[in-house]
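Quick setup: one chain, the form predicted alone, written in structure tokens, and binding and motion questions come after.
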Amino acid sequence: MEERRYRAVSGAPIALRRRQHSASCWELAVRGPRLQLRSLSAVTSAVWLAAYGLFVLSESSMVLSAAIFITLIGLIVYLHFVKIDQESLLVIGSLGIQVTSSYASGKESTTFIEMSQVKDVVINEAIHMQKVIYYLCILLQDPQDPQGVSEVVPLFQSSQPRLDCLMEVYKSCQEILEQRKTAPQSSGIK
């Protein structure tokens, strides 16, 4: 297992963990920065101080109770639905590609794409806020038109790695896709 440090588009530190299980199976995981207790404490303190200020003005204890309740609910929603700690890609040449997002609360969201649906894995570029950003995506083959693309599935949307990190993931994916493309041809020649 190999781990390298990179930067996200935002400049935040991220880590790419590459693990080769076999010649046709790679696991690639991008881990973003962990939730900082300092920033969490600052936001909570700011909300509670504002609520205390309103309490002093209104002399109603409901304001403090509501602030505590809203802060706790907001924190639970943030940890369970928003904050993604790790995004991983498991590429198995004979089966498909599994995309997993691991949230800060421990919840995981997994999507599996069969290899027969995968046309290619590419690095695409987009213009966002006067910057060119790069992202990795899976092109899904159109069932009616073998030369067409039915859908583009973007990867690593939360961690948003820079191009140097995406190139490492891209090379590993292309290595497996090339094996898949040459395997039927070489098995037919005997």
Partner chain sequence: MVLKVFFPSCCSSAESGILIGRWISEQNSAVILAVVHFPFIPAQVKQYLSEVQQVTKIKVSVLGSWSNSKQEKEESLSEFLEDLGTIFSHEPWIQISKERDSKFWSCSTLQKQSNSPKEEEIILVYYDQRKVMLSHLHPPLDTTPSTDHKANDASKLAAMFDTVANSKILFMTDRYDDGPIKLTHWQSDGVEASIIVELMKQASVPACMLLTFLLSLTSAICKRRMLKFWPLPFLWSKLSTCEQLGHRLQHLQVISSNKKAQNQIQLMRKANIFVSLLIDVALGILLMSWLYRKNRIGHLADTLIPVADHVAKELQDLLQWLMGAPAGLKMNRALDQVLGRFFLYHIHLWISYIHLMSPFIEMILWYVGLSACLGLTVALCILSDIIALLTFHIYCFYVYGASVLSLLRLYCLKIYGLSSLWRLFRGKKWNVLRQRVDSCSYDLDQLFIGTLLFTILLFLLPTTALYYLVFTLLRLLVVVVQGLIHLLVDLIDSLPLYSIILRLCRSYRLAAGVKFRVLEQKHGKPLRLLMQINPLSYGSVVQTYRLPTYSCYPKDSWTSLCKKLFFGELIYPWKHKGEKQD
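Numbering follows the first chain given and starts at 1. Computed from a predicted structure; not experimentally measured.
There is another form of the same protein, the form predicted in complex with its partner chain; it is not shown, and what comes next is about it.
**Report entry** Non-hydrogen atom contact Q174 with its partner chain in the model of the complex at 4.5 angstroms
**Finding:** Contact with its partner chain, no.
Query raised in the report: Taking the shortest heavy atom distance, is A15 within 4.5 Å of its partner chain in the model of the complex?
Result: Flag for A15 set to no.
Query raised in the report: Contact between D120 and its partner chain in the model of the complex at 4.5 Å, heavy atoms?
Result: D120: no contact with its partner chain in the model of the complex.
Requested in this report: Mark S10 yes when one of its heavy atoms lies within 4.5 Å of a heavy atom of its partner chain in the model of the complex, and no otherwise.
Outcome: Heavy-atom contact with its partner chain at 4.5 Å: absent for S10.
Query raised in the report: Is its partner chain close enough to A23, Q98 and E114 in the model of the complex that each of the three has a heavy atom within 4.5 Å of it?
Result: Checking in the model of the complex: A23, Q98 and E114 are all within 4.5 Å of its partner chain.
**Report entry** Segment that reaches its partner chain in the model of the complex - one of 161-169, 134-142, 23-31, 37-45, heavy atoms within 4.5 Å
**Finding:** One stretch meets the cut-off, namely 23-31.
Query raised in the report: What residues, if any, in 86-106 have a non-hydrogen atom within 4.5 angstroms of its partner chain in the model of the complex?
Result: In sequence order, L90, I92, G93, S94, L95, Q98 come within 4.5 Å of the partner.
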